[in-house]
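Read the single chain below, which is given as structure tokens and is the form predicted on its own.
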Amino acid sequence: MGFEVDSGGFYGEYGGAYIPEMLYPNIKELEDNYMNIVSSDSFQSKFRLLLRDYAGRPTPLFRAERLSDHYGTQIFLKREDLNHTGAHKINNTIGQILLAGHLEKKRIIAETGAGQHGVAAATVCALTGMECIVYMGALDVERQAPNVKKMKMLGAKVIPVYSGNKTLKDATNEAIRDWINHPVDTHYIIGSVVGPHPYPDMVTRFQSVISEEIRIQLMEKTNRNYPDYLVACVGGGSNAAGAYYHYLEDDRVRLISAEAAGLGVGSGKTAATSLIGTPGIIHGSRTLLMQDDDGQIEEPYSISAGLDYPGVGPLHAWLAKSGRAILYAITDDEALQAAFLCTRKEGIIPALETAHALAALEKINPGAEDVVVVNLSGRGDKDMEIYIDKLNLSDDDKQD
């Protein structure tokens, strides 16, 4: 069973390009050109140079001794939180800004939930002198205020979106509308492995540097280049797609996907798309999504601004449908406690998104000799207000 995208842009039964007629030239231009551009020696040379000298790659693979002792196994953290801008998102935005330059685009639009993709997009636009417009749900603007300030300082125009539940889905809707109105000079830097083909494949390829490095680093540290378990959080799914990429066909590796259960899978306040979703079309691709019996999209919920998306990337839909990925739904409370545990055990404050992956360690029950890699997709600076509020932290909080 293959997990590479096919010529029509599908992973199994999921994917494709279901787009308005006005966007067809844009998508066709990308589809016709992106592989030739990104596989060229000149592109790869510039891409790799910026990943190294600007983003700070390779990111370390850190053996978490105290977490390993706590769970009775061997846990390694892939430190994507140490990238410039604080998350894996910069890998993709560097790739896409270079691609936009090759296509002679002058204007960049992006959507963001947690703000990390917005910051990464604003960062590479500042680097290259491109105009940058970022759409962000009004609720996310409030709960991710530090990232909004960073985007503005970098020169981006941040446009709050007040439709729907004022989160990532609604920001994506508005970005697509913008692209329809500016089809010639604008490139849309989609932040995850969602949207019409070729975006899911393109973003996965830019993020695959994560698994490329894991293979090399595990060989150095364990004398083998694969883990027994590879754990990542999944909203749209770009960090997971990048971490999984070089292991998709390797059955020795159990792929563990942690989705946001919110208040519980059956609570009506959840974002566990792969577990409760059904096939449908959202933002240009056929995938699993949360919808009612009439096909109307249901509003997702998660404490994490980066995981409350009602769909999932088509690759992840296929991984779930085929059984290649093992899914766990992580509640808000479980994610908060996992974040607190990682912080106290390892001195690393993870992003709320990443905390969902860490919480999956409670559920997978690895053996003492197993090697477990958790993709630590982002740092928790942006989430400190939520942590302080939810974990009742204060200046005089007693230490363990």
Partner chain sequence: MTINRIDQLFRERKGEILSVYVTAGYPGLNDTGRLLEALQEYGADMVEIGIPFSDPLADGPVIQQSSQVALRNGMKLDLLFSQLKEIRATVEIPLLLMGYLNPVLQMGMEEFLSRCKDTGIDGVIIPDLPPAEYETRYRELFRSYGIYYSLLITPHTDNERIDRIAALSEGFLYLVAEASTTGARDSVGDHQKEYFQRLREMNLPVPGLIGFGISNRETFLTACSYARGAIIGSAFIRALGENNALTLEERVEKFIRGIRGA
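Just so we're clear, the structure is a prediction, and the values are computed from it rather than from any experiment. Residue numbers count along the first chain shown, from 1.
The same protein has a further form, the form predicted together with its partner chain, not shown here; the description that follows concerns it.
**Student:** Which one of Gly155, Gly101, Gly264, Gly280 is close to its partner chain in the predicted complex, taking close to mean a heavy atom within 4.5 Å?
**Tutor:** If I apply the 4.5 Å criterion carefully, the residue I get is Gly280.
**Student:** Identify which of Glu174, Asp201, Glu213, Asp81 has a heavy atom within 4.5 Å of its partner chain in the predicted complex; exactly one of them does.
**Tutor:** Of the listed residues, the single hit is Glu174.
**Student:** Heavy atoms within 4.5 Å of its partner chain in the predicted complex: which of the stretches 317-325, 162-170, 104-112, 144-152 has them?
**Tutor:** Result for this chain: 162-170.
**Student:** Can you check whether Met219 is within 4.5 Å of its partner chain in the predicted complex, heavy atom basis?
**Tutor:** Answer no; every heavy atom of Met219 is more than 4.5 Å from its partner chain in the predicted complex.
**Student:** Counting only non-hydrogen atoms and a 4.5 angstroms cut-off, does Glu21 reach its partner chain in the predicted complex?
**Tutor:** Within the cut-off, so yes.
**Student:** Could you tell me if Gln291 has a non-hydrogen atom within 4.5 Å of its partner chain in the predicted complex?
**Tutor:** Flag for Gln291 set to yes.
**Student:** Residue-level question: is Gly295 within 4.5 Å of its partner chain in the predicted complex, judged on heavy atoms?
**Tutor:** The answer is yes: Gly295 has a heavy atom within 4.5 Å of its partner chain.
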